[in-house]
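Okay, here we've got a single chain as structure tokens, the form predicted on its own, with questions on binding and movement later.
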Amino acid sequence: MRYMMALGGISVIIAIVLIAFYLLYVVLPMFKPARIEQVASYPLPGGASTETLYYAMEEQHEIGLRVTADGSVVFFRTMDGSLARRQFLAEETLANFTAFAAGDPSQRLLAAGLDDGTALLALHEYHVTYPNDVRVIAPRIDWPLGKIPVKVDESGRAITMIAAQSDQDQTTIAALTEDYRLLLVNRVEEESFLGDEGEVKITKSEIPVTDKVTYLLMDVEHRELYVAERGGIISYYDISDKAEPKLTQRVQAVTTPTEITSLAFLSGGISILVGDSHGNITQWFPVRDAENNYTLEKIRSFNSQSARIVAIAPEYFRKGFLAVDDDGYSGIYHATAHRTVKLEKLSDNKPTRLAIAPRANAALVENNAGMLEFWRIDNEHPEISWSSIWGKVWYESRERPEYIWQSSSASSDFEPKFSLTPLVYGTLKAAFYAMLFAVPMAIMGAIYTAYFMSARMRGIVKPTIEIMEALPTVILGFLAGLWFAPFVEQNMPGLFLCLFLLPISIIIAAYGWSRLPDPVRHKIPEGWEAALLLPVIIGAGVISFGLGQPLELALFAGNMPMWLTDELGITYDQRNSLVVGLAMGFAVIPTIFSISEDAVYGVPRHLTTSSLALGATPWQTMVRVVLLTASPGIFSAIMIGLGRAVGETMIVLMATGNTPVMDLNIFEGFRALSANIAVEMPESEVGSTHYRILFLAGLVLFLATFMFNTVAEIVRQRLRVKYSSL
């Protein structure tokens, strides 16, 4: 049996160590540094005789696109630069290219301004087939509004700068003419009531600008327009009403003599990235104030590069971006994590153009030597940094930096919010209220049962409480969520009155019992006095809940939860911390009670009898001898109970609103680490950042439990040594 017990103990230790190593195995890839390596380098596809305006790649990064100043679109194979197809944007007009811009990268829109005051919109499309199980990608250019250009300037002046966005609902073009007029054209195709093709509604307006405009940028929702000027000024326009665009704000994005050298939208079209001539990159986005007005605010800066920022390429679906500078350095950044993921010198040549693949796993870099370089990128988890997990983060569309956990959304411009702080806070909040309820009851009950209760009654009470530990916590969670939470809401005054009236009733009953004549008191065998408290407890509960309804009508207008919200500003959720604390307290009580009771009962009898023989009262003996001797076991019981409360899942999952908020309010819910894992693990993609950060949450729980148990063991050993001489 000794060998079997040793084998079992060693097996448990090995299993725990293996669990820890597996958690680390899943979590560590999140912190693996990014890698970037050059795969190929070749002369510019289509020839270097004309200037490059734009690069892009399709999803598999096998086919690249190059738009040149003569209006040609060159599709090429990224591995060797060989031509796949060549088309011209302006096939139906003799006008010349004078401006070019790309829309949101995920929509693959190309916009060209012509010298006759017209604009042409095109889409680069990729048709994928699998003949003989071999992937074949056929690129082509489509014209969503037709091959005939859209008239922007009625006077026919050349367009020198353009920004455009187009979707199924509308098309919006902002164009700067050679005589410095900024024109806004909106085209909406209205359907008839019968579902037939309706008429096209075109709205035009003009925005006054100066001759210093250097960049135009329009968001994907057609609501915001940014105009950058020489001197580092950015004008922020609200173009929701296309007929009357409004200047919302002018900000000094960079200070002179620094100039804006690159301007781009972060994925989703909410934030703008401003690169300057000193190598700094800043993130800006509109922030709503108390009056519900939006102002453009500088959120964070990236200062890893020191030379002029040549180009910024935002990732298509994440909040990351690439940037190259005049010194040939390339930086990989993530905005939300406020992290420079990788900074590497690509070559001694000066980069001139940059593009990133839709999956952010490849990049194209053109340099001034007339060469195009194809780079592979390994950057799976840029969202993770110490600040994004544990610190306050200023997320897009939020008024201030916050701790937020929100791992998914139906919106394509969603910014993942992976802060574990509110989950750890919720875990500790649940454990705090549970222990606040369980520790006094369990320890005091253990002391009375082990020291004052008769042996026969102890033989009934102790097994009964220990059997409670076998009750599945899912049952407690089910009862707490579906029965106890509504009961508390409907009887809140009665519950608080019970918490006040119950101890008073017990004290009064005990005092009355002590004043009874000795013959009456001696009829009850010693150690059975606690049984007389059962009717007192039941009576106090009945009276409390009976008086609860009249008190609620008289003092709280018949609805105490609403009164708390209206009068005191205290939010009340039906499934809240009070419900969880009481329900989880019942789950923790048997553990603390059983270990504490064994510790008290195990105090050697010669210590207690010696104390009593020397004249100490039973209470003096309990406080000064028994509790000190049993303190190692009692402390272990509390720490083991705390570990149980921290790791509890089903009660927290079913009895709270599972909202990751940080509030000490006992009437509000929360979300704990364990419940979060249970809720989100089935929906997470294996190997994704979301998946791995859930394992990180599990590792945090593992380390917390290990820490509690370690502290408990250290303190227990010290207490044992200290009081072993009694």
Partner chain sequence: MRIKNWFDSGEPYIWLNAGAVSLSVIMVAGLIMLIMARGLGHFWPADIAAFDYTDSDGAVISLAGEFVDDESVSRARLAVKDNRIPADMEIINRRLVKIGNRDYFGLDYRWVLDVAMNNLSYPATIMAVERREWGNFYGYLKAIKENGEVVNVAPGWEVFQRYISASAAISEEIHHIEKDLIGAVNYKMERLRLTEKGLALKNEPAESPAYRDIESQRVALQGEYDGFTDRLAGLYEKLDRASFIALLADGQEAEIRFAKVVRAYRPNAMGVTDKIIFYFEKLWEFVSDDPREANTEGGIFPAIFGTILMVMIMAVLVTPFGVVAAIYLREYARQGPLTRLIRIAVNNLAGVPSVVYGVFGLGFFVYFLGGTIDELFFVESLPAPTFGTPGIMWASLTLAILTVPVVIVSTEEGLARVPRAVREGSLALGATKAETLWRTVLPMTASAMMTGLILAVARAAGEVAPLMLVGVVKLAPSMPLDGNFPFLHLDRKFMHLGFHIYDVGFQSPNVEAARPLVYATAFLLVLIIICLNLTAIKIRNTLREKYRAAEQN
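Think of the rigid core as the biggest set of C-alphas that the two forms share within 1.5 Å after superposition. Positions refer to the first chain, counted from 1. Nothing here was measured: the structure is a model prediction, and the numbers come from that model.
Heads up, the form predicted together with the partner chain isn't pictured, but that's what we're talking about next.
For the partner chain in the predicted bound form, the listed stretch (30-38, 672-680, 45-53, 66-74) containing residues with heavy atoms inside 4.5 Å is 672-680. Under a 4.5 angstroms non-hydrogen atom cutoff, the partner chain in the predicted bound form has M441 among its neighbouring residues. Heavy atoms of P139 never reach within 4.5 Å of the partner chain in the predicted bound form, leaving it off the interface. In the predicted bound form, the partner chain lies within 4.5 Å of some heavy atom of P463.
P257 falls outside the set of residues with a heavy atom inside 4.5 Å of the partner chain in the predicted bound form.
None of P208, G391, P503, G146 but one reaches within 4.5 angstroms of the partner chain in the predicted bound form through a heavy atom, and that residue is P503. Of the residues A95, L183, M650, I634, just one reaches the partner chain in the predicted bound form with a heavy atom at 4.5 Å or closer; this is M650. Using a 4.5 Å cut-off on any heavy atom, the residues of 507-537 that reach the partner chain in the predicted bound form are, in sequence order, I507, A510, Y511, W513, S514, R515, E529, A530, L532, L533, L534, I537. Here A704 does not count as shifted, since its C-alpha moves by less than 2 Å between the shown form and the other one after the core is aligned. I714 is among the residues whose C-alpha shifts by 2 Å or more between the shown form and the other one once the rigid core is aligned. In the core-superposed comparison between the shown form and the other one, the C-alpha atom of I19 has shifted by less than 2 angstroms.
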